[in-house]
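Presented as structure tokens, the chain that follows is alone, the form predicted on its own.
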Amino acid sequence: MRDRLNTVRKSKVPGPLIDHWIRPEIRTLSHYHVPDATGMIKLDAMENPYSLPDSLVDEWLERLRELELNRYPDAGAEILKEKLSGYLGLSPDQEILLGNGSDELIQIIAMALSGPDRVLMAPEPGFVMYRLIARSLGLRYVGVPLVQDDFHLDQTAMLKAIEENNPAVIFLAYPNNPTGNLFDRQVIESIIDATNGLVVIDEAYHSFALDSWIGDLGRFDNLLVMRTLSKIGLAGLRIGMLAGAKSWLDELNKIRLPYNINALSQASAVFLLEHGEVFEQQAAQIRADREQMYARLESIPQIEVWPSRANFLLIRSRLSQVILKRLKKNNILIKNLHGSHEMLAQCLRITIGTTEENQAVLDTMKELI
């Protein structure tokens, strides 16, 4: 074997070496694709369309000037964690683990729970990173289909899958991405009660749903709640947070990379959380615009649109690919979900933007239909 690999190395062709050493499950994965949005109205990534008010920018920059960039950041981000504990309303016996976005937290959880034939489970269609991270770390991924008509949790199917697979962890997005709906609380409770593993409720879109499981953390010994600052308007900071019992988070913290939250992000988040009312007002505006956008899309023939508790809307149309191309021609970028899951055939996901951006989407659709 060594002689064969040495021959390959001498040939300067890396392909066979890659085939030999890169794990097969990694070779079968695809990159998480982020399209170029230069010069586009960007409505594909569930970002808050509003920037910081000018009145805050100068204060924020003054705060950043105090940083010593030649020094490592606070390894535990203790000041930020204290701010976030108040922001989340945690009790004294509950803790926070911070990640470089929610993606890193999902990865930390999967790394801590991985093992031979261990299972990571989630409803589908759902957030693609659950499956991608599970497969990259060698966990067996089990996706349980939602009910087609309105994408609600199939309680019978979920409980059967739990019994058959004994998952190490179940991720439940609340609201769900990309469908936008909140799952039934009683069904979620039955899932938490039925599993011996960990249940993580992903509340990335909490600001637009105004419903949370944070207050239920003390009721279940296998429940954690995940949030992010990305969707409220701070996507560039890449700060995710995991809340729950200290005993769980102490174990997960053992594999968190040191200094994973940089000094600029820590200082920025602390400052901006002191002005949380700005983001609350922006979220309220997005919620109002979401309802208006839903009503107007619903009135367009050949468009099926689902109610949403997130900052985006899921639509289906037999003209979906024509709509997608026309929007792109008009410099508007939305998310094409066709081909990502069988339940999402001819589906598109539209992030709620500013009033003008939303109107541009509607005008384009009305030209076509």
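We number the residues from 1 along the sequence you see. Just so it is clear, the model here is predicted, and its values are computed rather than measured.
The same protein also has a form predicted together with a small molecule, omitted here; what follows describes it.
At the 4.5 Å threshold, heavy atoms of Asn165 stay clear of the small molecule in the predicted complex, well away from it. When contacts are judged by a 4.5 Å heavy atom cut-off, Gly101 counts as touching the small molecule in the predicted complex. Looking at Arg238, you'd find a heavy atom of it within 4.5 angstroms of the small molecule in the predicted complex. When contacts are judged by a 4.5 Å heavy atom cut-off, Leu344 does not count as touching the small molecule in the predicted complex. Note on the partner interface in the predicted complex: the residue among Asn177, Thr195, Gln266, Gln282 having a heavy atom within 4.5 angstroms of the small molecule is Asn177. A heavy atom within 4.5 Å of the small molecule in the predicted complex is found for one listed residue only; from Asn181, Gln107, Thr228, Ser207, this is Thr228. The stretch in contact with the small molecule in the predicted complex, judged by heavy atoms within 4.5 Å, is 126-134, chosen from 146-154, 126-134, 214-222, 77-85.
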